[in-house]
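This document starts with one chain, in the form predicted alone, laid out as structure tokens.
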């Protein structure tokens, strides 16, 4: 399935995203082990787990980032197996990742967003996007260079807004941001969900869940494996009351 008219495609198509027994390695070390998850249009999916549990590695493997090698299993968008596709082909099909960490770039913010919009064949008012996110003052500044945590996260959200993806994966959008920035970011996640986009959110303690209109489901990753799944608020309650040791089987 090749997207030829990206604008028309993103305005009408809704796709599920799932992994089937997916294992991912970094430098020949398997980090993600036989993970199967499913995200449906308009229903948020949350990935929780302690630091180093493989949450970010899972998203990057799904995105096809080369250093995160898929050693077994599949990535499926709706009915299409995209496991062997390079990242840019996954982007063409509507997949996008909002990164947790950013590296300073030597190009202005507006230039970065213009290039992303052009590749997505999207006619977007870049200034209006930055205004809506409250970061118009970053228009001419080098992207991610000296940005605060909230500014960097909002710019990452801006990349998703201008690329108009169908399936959006957000890596810890609630880490390192103040409450006002968190509300802004959550507002756009809610808009995407209402529009029927497929959303996967990595979170450590679920802070962003307080601002998401739909509850959705949650998976808990421990040592690269899915060890628990359930309704989001039930999972968060267990995490806050018992800690992740509960899911390891050594809690009280």
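None of the values given here were measured: they were computed from a predicted structure. Numbering follows the first chain given and starts at 1.
Form predicted in complex with adenosine-5'-diphosphate: not shown, discussed below.
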Legend entry - Joint contact, 50, 68 and 100 to adenosine-5'-diphosphate in the predicted complex, by non-hydrogen atom at 4.5 Å: yes
Legend entry - Segment assignment from 180 to 188, 38 to 46, 211 to 219, 55 to 63: heavy atom within 4.5 Å of adenosine-5'-diphosphate in the predicted complex: 55 to 63
Legend entry - The single option of 193, 31, 226, 200 touching adenosine-5'-diphosphate in the predicted complex, heavy atom within 4.5 Å: 31
Legend entry - Exercise: residue 26 in contact with adenosine-5'-diphosphate in the predicted complex, heavy atom 4.5 Å: yes
Inset, instruction - At a 4.5 angstroms cut-off on non-hydrogen atoms, which residues of 139 to 177 are near adenosine-5'-diphosphate in the predicted complex? List them in order. - result: none
